[in-house]
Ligand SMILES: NC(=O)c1ccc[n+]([C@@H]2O[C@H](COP(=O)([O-])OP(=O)(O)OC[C@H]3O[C@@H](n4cnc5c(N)ncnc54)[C@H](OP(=O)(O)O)[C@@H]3O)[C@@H](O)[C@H]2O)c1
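A lone chain, given as structure tokens: the form predicted alone.
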């Protein structure tokens, strides 16, 4: 069954850059009315201005810190007042944490869960009445790390595992109401995610640059999955490989990942300094 985005109201959190911005542009190109939500008013207003200037449908910028329930409530009240409701919510806001679990401050892990999980739950709770009324779709931007935990990304992977389980539960709870839930599990995408993530310890490289998929290509795949009614989409070939290997040969994958982790940590150990072991 097709679910065209034309004239649909699509709310995207974390829309000031990266996958969120690219998806806003892609949805607008498909005729959607796009609501951009992020903390930076200047950035989302600039994107909204670009979309309106290009004649790519309507765009509304609503500055929102999704970790603040009152701002989340105001976001959906604004959308209902301006455009009558929400057809699609894309929970995209989030950030990464990088470091060995034994070194991560608990406050940093809590902060990661606050943004990546609890804020997504808050937005979903605010959106569900709209989605139920309009038989819409909830999209959670998770990660391939939601399907397989990775060393040095333990806290981040835990938040994405939680979000993935949340998606599965909601899919069952909302099925009878005609509300779809789409889990999106990207691999490495060309964004500032790896630059902006919070580090504890040496800044080891996640993967070679040639693995990264352009954000606009990722956005096209998400929009296509939205329109075709998919329940889950894994993006990038290496993401597919990791998900498949986890399913058919998890013990072998354990060995390979552990070996690579020890290789990375041995190579980086001389470069590490006491100052590197604190959160910036």
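Keep in mind that what you see is a predicted model, and the values were worked out from it rather than measured. Positions refer to the first chain, counted from 1.
The same protein also exists as the form predicted in complex with the named molecule; that form is not shown, yet it is the one meant from here on.
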Heavy atom within 4.5 Å of the named molecule in the model of the complex: which of 28, 38, 47, 226 fits that? Just give me the one. 38
Thinking of the named molecule in the model of the complex, which stretch from 77-85, 101-109, 170-178, 138-146 has heavy atoms inside 4.5 Å of it? 138-146
With the partner left out here, check for me: in the model of the complex, does some heavy atom of residue 92 sit within 4.5 Å of the named molecule? yes
Please check if residue 196 has a heavy atom lying within 4.5 Å of any heavy atom of the named molecule in the model of the complex. yes
Since only the chain is shown here, I'm wondering whether residue 189 would be in contact with the named molecule in the model of the complex (any heavy atom pair within 4.5 Å). yes
Does residue 61 reach the named molecule in the model of the complex, with heavy atoms at most 4.5 Å apart? no
Taking the named molecule in the model of the complex and a 4.5 Å non-hydrogen atom cutoff, the residues of 10-40 making contact are 14, 15, 16, 17, 18, 19, 20, 38, 39, 40
